[in-house]
Structures are given as C-alpha cells and as structure tokens.
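Coming up is one lone chain in structure tokens, specifically the form predicted on its own.
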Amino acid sequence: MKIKRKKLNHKNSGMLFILPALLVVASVMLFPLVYNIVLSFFEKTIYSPEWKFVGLEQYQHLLMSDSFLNALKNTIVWTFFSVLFQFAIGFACALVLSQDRVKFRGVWRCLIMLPWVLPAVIGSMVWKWMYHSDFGILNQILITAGFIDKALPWTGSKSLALISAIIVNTWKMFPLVILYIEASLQSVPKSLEDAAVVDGANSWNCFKVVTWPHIAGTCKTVVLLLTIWTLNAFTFIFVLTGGGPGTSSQVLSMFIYKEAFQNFNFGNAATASSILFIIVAIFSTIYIKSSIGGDES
C-alpha cells in the first residue's frame, strides 16, 4: 500500500510543478481577453473617465461604419492574396529544391531562408527604401528593363499601397512554407515513387497519386497557419504605409491601433478587437481540429 501511495503522489506531482506557470499564462492571456470583451460593451474614451454601458450598440455602429467595413474589406484582400502567393511560391520552390538534380541545395536553402530570419521591422524598412519613388532601386530596375516609363509611388498610391504590403508579406513568409513542405516531402516513401514510375506513371500522375496524399495534411495546416498570422499582421502595414494613403491600406489591426492610440476611443477599439478575435478564433478552431485529425490519422 505504501508503494502504491508513493507512485500515485509521484504521478500527480507533475501538475503541481506546472501549475504556477499555468496560472501566470492564464492571468496574462485571460485577463486582457476578458477585459477587452467587457470593454467592448462600454463607451470609453480618454476624455471620459466613466464607463457608459451601451450593450451591442458599438458592434452595430462598427458594422455599419464605412471606415470599419473598408478595413474589413482590406483585411480580406490582404489575407487572401498574401496567403495565396506565399503558399504558391513556397510550394513551387519546395518542389524544385527537393529534386536530387538541383546542385548546391544547401546554399539555396540558406539564401532563401534569409527573409524569414530577418526581423520584420528591418525587412520592412529595407523594402520601404526600395519602394521610394525617387531613390528606390525597384523603380530604377523596372525603368531600365522597360516595364514602366516613370517612377511609381508604390507606398504613396491608393491603388498600389496594399499591393506593396502584400509583396513584402509574401517575401517574408514564403520561406516558412518551403520549410514545412520540404520536411513533408521527405516523408514520402521513395519505394512508392519508384513503383509508380515502373508502372508507367508520368511526373504528374506520380505527384497526384503518391506525393500529394502524403503532403496534403501539411499543406492544409500551413494555409491555416498563414491565414491566422496574416489576419494578425501589423508590422508591414504600419512601417510601409501606416494604413494610408487615407485608409486605402488600412487593415483591421491598423484600424484598432488608430482607434486606441490616435483617436483614444478605447471602447471602439475593444469592439473591433473582439470582432477580429472571433474571426481568428474560427480559423484557430479549424486549425486545431485539423491538427488533431491529422495526428489521429
């Protein structure tokens, strides 16, 4: 009986060791979340010390606000095209680098991973100089190559500002896709590929029948992760365009920042944050279920 008691205590002691860390993480994460949700039901500005309960009025106001709807539209465009280009370029590069006939693959991998390891602020500042209408190297290259006749105001144009940010976001994140896909490609049994070739399968059929079933789960996970990260992205927009010109490149994260720290409308910012939290939570739930399903399969 004594031996069993010792084993039971030893088994349950693990929870006691991690309990302090769990309490700290819960307080750091749950308190701001609950505080933000509660604040979204109150009208609160820096000029008014009192909290005025308004219920769902702020949600209704935001969902009918042109500035918020514009930020929501920009967020959809920003997320869709960023994830599309990140995954497409990363997937193509991963397929090329996985080929044995490619020489110096280690060197290419190191060079391609540089955007990912470079801090986002530094990378954004470099691109901001490259986009400069007077001194930027990007305009010089395009003019020299004959693609354009005069310099383009990449970050100063309403039609180009969001596109410019999408390019930088794609440049920053596509190496991560390569990392995931290449790791997944290494799990494809070589014997199955050889058997498919012996049976007369061409490259496309071999990829469709053998390779894709092994990497489909990873691809789905990568797309969901990229979507969650892009929805929360703030650095690229903030450094490159600041949400401008006007509100042409203002996404939800930038809208929340301006409402809270420029307009000092904390209730409005909390409401927008809650809406963004709901959107991200939906994709996070899909990702978690996908991960659990993948592990079980």
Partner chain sequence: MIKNKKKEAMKTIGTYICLIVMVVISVFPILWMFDSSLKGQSEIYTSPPTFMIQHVTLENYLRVLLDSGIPRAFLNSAVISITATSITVVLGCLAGYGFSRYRFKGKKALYVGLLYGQMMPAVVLIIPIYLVFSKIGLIDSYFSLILPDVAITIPLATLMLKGFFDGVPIELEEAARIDGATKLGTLCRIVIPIAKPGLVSVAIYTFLSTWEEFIFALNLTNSASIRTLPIAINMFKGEFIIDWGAIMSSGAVISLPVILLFVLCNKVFVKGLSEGGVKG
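Numbering follows the first chain given and starts at 1. Computed from a predicted model, the values in this text were never measured in an experiment.
What comes next is about the form predicted together with its partner chain, which does not appear here.
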Which of 191-199, 71-79, 208-216, 178-186 sits within 4.5 Å of its partner chain in the predicted complex, heavy atom basis: 178-186
Considering non-hydrogen atoms and a 4.5 Å limit, which listed residue (I166, A120, L160, V223) is close to its partner chain in the predicted complex? A120
If we define contact as a non-hydrogen atom of the residue within 4.5 angstroms of the partner, is W108 a contact of its partner chain in the predicted complex? yes
Are any of the heavy atoms in W116 no more than 4.5 Å from a heavy atom of its partner chain in the predicted complex? yes
Even though the partner isn't displayed, in the predicted complex is F234 close enough to its partner chain, meaning a heavy atom within 4.5 Å? yes
Can you tell me if A145 lies within 4.5 angstroms of its partner chain in the predicted complex, counting non-hydrogen atoms only? no
Can you name the residues of 248-282 that have a non-hydrogen atom within 4.5 angstroms of its partner chain in the predicted complex? S253, I256, Y257, A260, F261, F266, A269, A270, S273, L276, F277, V280, A281
